[in-house]
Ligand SMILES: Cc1cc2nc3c(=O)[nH]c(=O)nc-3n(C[C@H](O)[C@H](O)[C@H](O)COP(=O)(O)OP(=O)(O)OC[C@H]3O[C@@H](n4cnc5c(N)ncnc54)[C@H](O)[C@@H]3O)c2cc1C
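Read the single chain below, which is given as structure tokens and is the form predicted alone.
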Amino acid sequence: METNFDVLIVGGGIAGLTATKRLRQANLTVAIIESYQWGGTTANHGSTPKKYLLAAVEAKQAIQSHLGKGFDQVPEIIWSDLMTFKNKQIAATSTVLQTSLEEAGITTIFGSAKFKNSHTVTVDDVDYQGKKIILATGARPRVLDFEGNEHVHYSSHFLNAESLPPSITIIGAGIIAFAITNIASAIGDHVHVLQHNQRALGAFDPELVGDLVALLKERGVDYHFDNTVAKIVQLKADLYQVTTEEGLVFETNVVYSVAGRIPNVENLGLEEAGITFSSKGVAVNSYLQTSNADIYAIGDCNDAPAPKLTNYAEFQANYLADFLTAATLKPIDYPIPSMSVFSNPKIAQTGIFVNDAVKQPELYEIVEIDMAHWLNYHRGNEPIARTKLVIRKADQQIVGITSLSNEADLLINYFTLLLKMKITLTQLREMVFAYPSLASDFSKFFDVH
């Protein structure tokens, strides 16, 4: 078996797979090492399976919004049937991905990797050399330190649960928390959300987030802000008592923690390769290069100033493939930032975020739009349809948008393209978009200011 390669990649998640395939297309000899499942968290226990569950939830919520307006009852989601369907779709994911790598002429190595020196990684007592090495080892859930933390589960457990109990508790109020909350509450669970401070979805506009939280409260979700878990006590097989430092006490059937993730950088022997790292991940420069000139780090395992999201990991992988094949010699330049949340309604944003714009009132103004009466939203009886535009005062150009609606993710992606192309109102009026679609509303946004 070949043990010397042009590029050796440690980690078979989305970042590692993307870089591997791109480098192989450039006719480099490439090997990739994975210790658990090909495709990593995203494909096996993250966004991909989550989308299958959300499809059923969104179908139910669409009918709920039409109750008395064409429907006289709302169907219940049969969790076991939904999980069977989801599991069938992703069951072969790891195997299929590994096969596709091997068919492309890429060497796949299964096992835990550890550096022996700057160019050598050992897996199961076999040494593999790479002229260049890429770390793409991802991240894992942060383990919180409190009494009874052994009773805590994580998002992957929720996405693979054979059944859902009547009550669940979620520690954290970030993107993953909102996805689980949306799914579980739609199924019929009583959901508790514990957040150590007052901020949910900290990267998003707090007013629109507040609207979303208020709506979820109306659906029966209990939010407990400014509460930090002190201990969890098991009362019986499927019942736990949660106590917070602030004195809140309640019972629940299961506790899930989504309070952040930490980079997988320990136990890799990084010191043997002269690689600098910290609790924030492997230190990289603007070329994603570590303190060892021949080793790079991409995705959630590095400390680059970019969101720890799958799309950014993939962007870094494509950049590095271009850099290593001399398609570009420039430092990485991140595109217009875009983010979306798996909630219902969805909240999404692109360009200059409202949170940043409000800190610079001399440069930007914020224009708020209530779209609930617009046909595209009114026809679906959407409970909320609001948008905030960030407008640059110097030239009145729209440079950012945050939106809250069932279609916010689609709207934001459209606007990402418009912002990238610097489309003006005059140019927009020269285009004809299909009707009725979200794109047919574009001129309304440009006309509003």
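In this text, residue numbers run from 1 along the sequence as written. Bear in mind that the values here come from a model prediction, so they are computed numbers and not experimental data.
Only in words, not in the display: the form predicted in complex with the named molecule, which the text now covers.
When the named molecule is considered in the predicted complex, residue 240 lies well away from it, no heavy atom lying within 4.5 Å.
Proximity of residue 40 to the named molecule in the predicted complex: non-hydrogen atoms within 4.5 Å are present. With a 4.5 Å cutoff on heavy atoms, residue 132 does not count as touching the named molecule in the predicted complex; it lies far away.
The closest heavy atom approach of residue 23 to the named molecule in the predicted complex falls outside 4.5 Å. For the candidate set 200, 254, 309, 324, a heavy atom within 4.5 Å of the named molecule in the predicted complex is found for exactly one residue, namely 309. For the candidate set 335, 331, 206, 111, a heavy atom within 4.5 Å of the named molecule in the predicted complex is found for exactly one residue, namely 111.
Only one of 185-193, 275-283, 91-99, 260-268 places residue heavy atoms within 4.5 angstroms of the named molecule in the predicted complex, namely 260-268. No residues of 118-134 lie near the named molecule in the predicted complex, the criterion being any heavy atom within 4.5 Å.
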